[in-house]
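Single chain ahead, written as structure tokens, the form predicted on its own.
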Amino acid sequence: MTLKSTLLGRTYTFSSVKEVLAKANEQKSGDVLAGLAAESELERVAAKEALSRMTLNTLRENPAVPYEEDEVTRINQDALNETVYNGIKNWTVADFREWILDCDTEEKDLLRVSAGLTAEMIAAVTKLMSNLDLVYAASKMRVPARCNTTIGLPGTLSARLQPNHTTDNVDGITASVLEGLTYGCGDALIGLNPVNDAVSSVTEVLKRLDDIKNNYGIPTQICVLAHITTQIEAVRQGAPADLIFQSVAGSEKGNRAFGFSRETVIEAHELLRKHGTSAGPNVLYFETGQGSELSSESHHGSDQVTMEARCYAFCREFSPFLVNTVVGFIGPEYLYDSRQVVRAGLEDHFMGKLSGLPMGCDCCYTNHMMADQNDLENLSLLLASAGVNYIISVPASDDVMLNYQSNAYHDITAIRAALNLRPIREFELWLEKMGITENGRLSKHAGDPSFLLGKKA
């Protein structure tokens, strides 16, 4: 295959679809580190021009990892709706972009076409979009899901309440949960990243979260984000769990580096449907993040946006309740500064939505990145405008266990107020019942966890 573009009298020749995809990507430090990035802005534009002329059929026939070698590729290819695919396979990527952005293309059209798309097609069109394109296109799509409550309905912005603790002390966790609740957070999930991955410790935290949920009658979900195998064993031993979680990669090799496979997820899903504490039917939670495949040498020579799109192809196989990218957590080796973090967050959200997933985001950064709190707040507002299902929230923007910065509990309230968004309806009614909100506004008890002590449902 010969792929060429001529700009300003110079012809750029690309050796493969994979090279075009990589060099058409907006600059990311991870692609530079991997030796995949365009060497100049002109080469980047040339790659975008070559990509714009490529057909969706060509992208299907050239997956980032060969079908025979990778279960993520097989999952993606085998699940395709062939009727939908045959109706669009001769579109160019430029045609596809124009169709997505056309004001006559509606949510039902986008979600129908989603069934005929491979991850590489979704990644390709993302690379031709501006930031505003990504916000506008994503805002057209709502992808709800149901566990105990329904997330992602129009007019809502939900929050995962993340009460991480440096020693997994359940009383410290409880205090953080109660504080977050007084700010109206936790309707998406009350979910903790544990320090200790032992089954006994995970079980102890799950039982405390379950007690909080039931004692206060909170319409929400709980989860402890230990390794998937630890959670499976905890549930087998009787621990309460509404969801089972796992971080995922865009290749089979990457997932095996994380210590699981498709069969592990199937086992978790079947276990929760029989012994979980939620109503379902959506009982899984996945996290992703650009650059994870490069960090485990499982990117197969592909750029990080393309590999991220493949994460979503894997996720949609299992109809999860929650999916979110942790957009700045891995560090400057993969996303160097605020510009790259904002771009990645908008890309990931759009790609997740176009993959048919109930998409959220952890808008975050590490302290050795060229980013600050203003940058992640900008990203949060952009994503809320784009219809993100939920955003992760932590005490005072500072996760003391994971040692990174994210949105504060009170940020969620400010974003909802600025954009006229609400929590999940059942949760909003609970907030009013408990006196946390009054007529849709936070009461004077916001930020005071002692207010909830001694209260009952």
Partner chain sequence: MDNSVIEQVVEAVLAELSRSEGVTVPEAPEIHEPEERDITSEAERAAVLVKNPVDAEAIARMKKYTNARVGVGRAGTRYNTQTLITLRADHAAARDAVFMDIDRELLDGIGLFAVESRCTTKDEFLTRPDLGRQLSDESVSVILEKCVKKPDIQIFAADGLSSTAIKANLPDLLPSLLDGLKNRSGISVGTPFFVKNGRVGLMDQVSELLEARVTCVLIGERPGLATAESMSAYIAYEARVGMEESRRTVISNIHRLGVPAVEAGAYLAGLLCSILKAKASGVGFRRDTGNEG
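Residue numbers count along the first chain shown, from 1. Values in this document were obtained by computation on a predicted structure and should not be read as measured data.
The next section is about a form of this same protein that is not shown, the form predicted in complex with its partner chain.
The three residues Asn131, Asp197 and Val342 each lack any heavy atom within 4.5 Å of its partner chain in the predicted bound form. Though the partner is left out of this view, Leu419 does not reach within 4.5 Å of its partner chain in the predicted bound form, counting heavy atoms only. Among residues of the shown chain, Thr149 is not one whose heavy atoms approach its partner chain to within 4.5 Å in the predicted bound form. Taking the partner from the other structure, its partner chain in the predicted bound form has a heavy atom within 4.5 Å of a heavy atom of Ala408. Of the heavy atoms in Asn57, none are within 4.5 Å of its partner chain in the predicted bound form. Screening Leu110, Leu80, Leu271, Ala175 for any heavy atom within 4.5 Å of its partner chain in the predicted bound form leaves a single hit, Ala175.
Though its partner chain is absent from this view, in the predicted bound form it lies within 4.5 Å of a heavy atom of just one residue from Asn367, Asn90, Gln237, Asn215, which is Asn367.
In short, of 221-229, 316-324, 164-172, 151-159 it is 164-172 that has heavy atoms within 4.5 Å of its partner chain in the predicted bound form. Residues of 395-430 placing a heavy atom within 4.5 Å of its partner chain in the predicted bound form, in sequence order: Pro395, Ala396, Ser397, Asp398, Val400, Leu402, Asn403, Tyr404, Gln405, Ala408, His410, Asp411, Thr413, Ala414.
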